[in-house]
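Below sits a lone chain in structure tokens, taken as the form predicted alone.
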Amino acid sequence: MDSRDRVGISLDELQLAARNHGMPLEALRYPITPIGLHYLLIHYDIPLADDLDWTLEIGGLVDRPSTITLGHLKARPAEEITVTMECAGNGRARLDPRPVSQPWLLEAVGTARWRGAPLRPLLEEAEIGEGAVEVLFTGADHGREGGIDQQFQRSLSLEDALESDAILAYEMNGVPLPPQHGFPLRLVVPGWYGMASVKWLARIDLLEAPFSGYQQEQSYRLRQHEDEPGEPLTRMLPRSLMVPPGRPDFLTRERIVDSGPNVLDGRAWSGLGEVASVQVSTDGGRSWDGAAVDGVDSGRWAWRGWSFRWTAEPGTYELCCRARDSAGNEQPLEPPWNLGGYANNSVQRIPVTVV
């Protein structure tokens, strides 16, 4: 049975898919993803926010707690970083059995230029108290998940918070954050899956013990069964995606390509190290050839472009691509299964008919 015939998407999941959206893969052509095409996942409702009276509270285990206005943050020295951000559930819908949640295929990704105040100086100015081990970030969005009423909250270890190049962003691609991307203020943690970059940021607290909230201890963990603690998700595994070549069939999105010389291209990234190489297969992963990888133009945390020249002859093909990073991590041919459907970075497969 074809995988498309056994997915069985529920109405609940269709509601999620209608609220959230992925990046059309042809948008891989843009080095910087236009705001309206960048992937989007909203756990609860978009809060109604006014940038004129928005404040950020910094407290917990600090000697100098403070309330900071958005105007004060914008007056501070700013940094602009280009960051590729991917949802931890990207690829979930291709697992079998399929975890029931937001049914991502491969499009839950985007790259944007974020501008804001660096996190580290703000923490240092608060004078971190002795014994602090984690930094907790609380968003203004509120809802229920896992039977628990909550605001969306995630934490980082103190070391990660200080060393991660994280910023408190108030601009995206040169304009104020749009409501769906966290207006007026959000955290951006380069290299990490998107759940770490808390939107509608309202509080930062220094903690003397690891945070045990739902989004940290129950969700976003790699496990096989509900009753095991599992491993927390952190940095993005390597992934390469190809711009779908040729032209699509409307319903199936399978591709029709003209015979002769073709250029296959795409983007690759990893949160665990720089992209070291990209390979392309035209026979479903049985054999591989190296692709040309672009230089690093947009900084360490942005995806890199790649290209491959293919002389296509009439027939049917399955195109694949895979990335390897400088730490030696490489995409697998088959997806490793886990209960939440997280971190599925198996190789992309594109059915193609050459005419």
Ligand SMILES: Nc1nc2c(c(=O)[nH]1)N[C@H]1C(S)=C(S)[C@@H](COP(=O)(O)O)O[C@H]1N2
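Because the structure is predicted, anything quoted here is derived from the model rather than measured. Note that residue numbering begins at 1 and tracks the sequence as displayed.
We do not show the form predicted in complex with the ligand, though everything after this point is about it.
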### Query
Based on heavy atom distances of at most 4.5 Å to the ligand in the predicted bound form, which listed stretch, 255 to 263, 186 to 194, 274 to 282, 222 to 230, is the contact stretch?
186 to 194
### Query
Pick from Leu95, Ala126, Cys87, Leu106: which has a non-hydrogen atom within 4.5 Å of the ligand in the predicted bound form?
Cys87
### Task
Could you spot which one of Trp301, Tyr317, Tyr39, Trp310 gets a heavy atom to within 4.5 Å of the ligand in the predicted bound form?
Tyr39
### Task
Please state whether every one of the three residues Arg239, Trp306 and Arg324 places a non-hydrogen atom within 4.5 angstroms of the ligand in the predicted bound form.
no
### Query
Are any of the heavy atoms in Gly91 no more than 4.5 Å from a heavy atom of the ligand in the predicted bound form?
no
### Query
Would Asp165 count as touching the ligand in the predicted bound form under a 4.5 Å heavy atom rule?
no
### Task
Would you please decide whether Arg203 lies within 4.5 angstroms of the ligand in the predicted bound form, comparing each non-hydrogen atom pair?
no
### Query
How about Pro244: is it within 4.5 Å of the ligand in the predicted bound form, going by heavy atoms?
no
### Query
Counting only heavy atoms, which residues in 128 to 167 are within 4.5 Å of the ligand in the predicted bound form?
Gly139, Asp141, Phe152
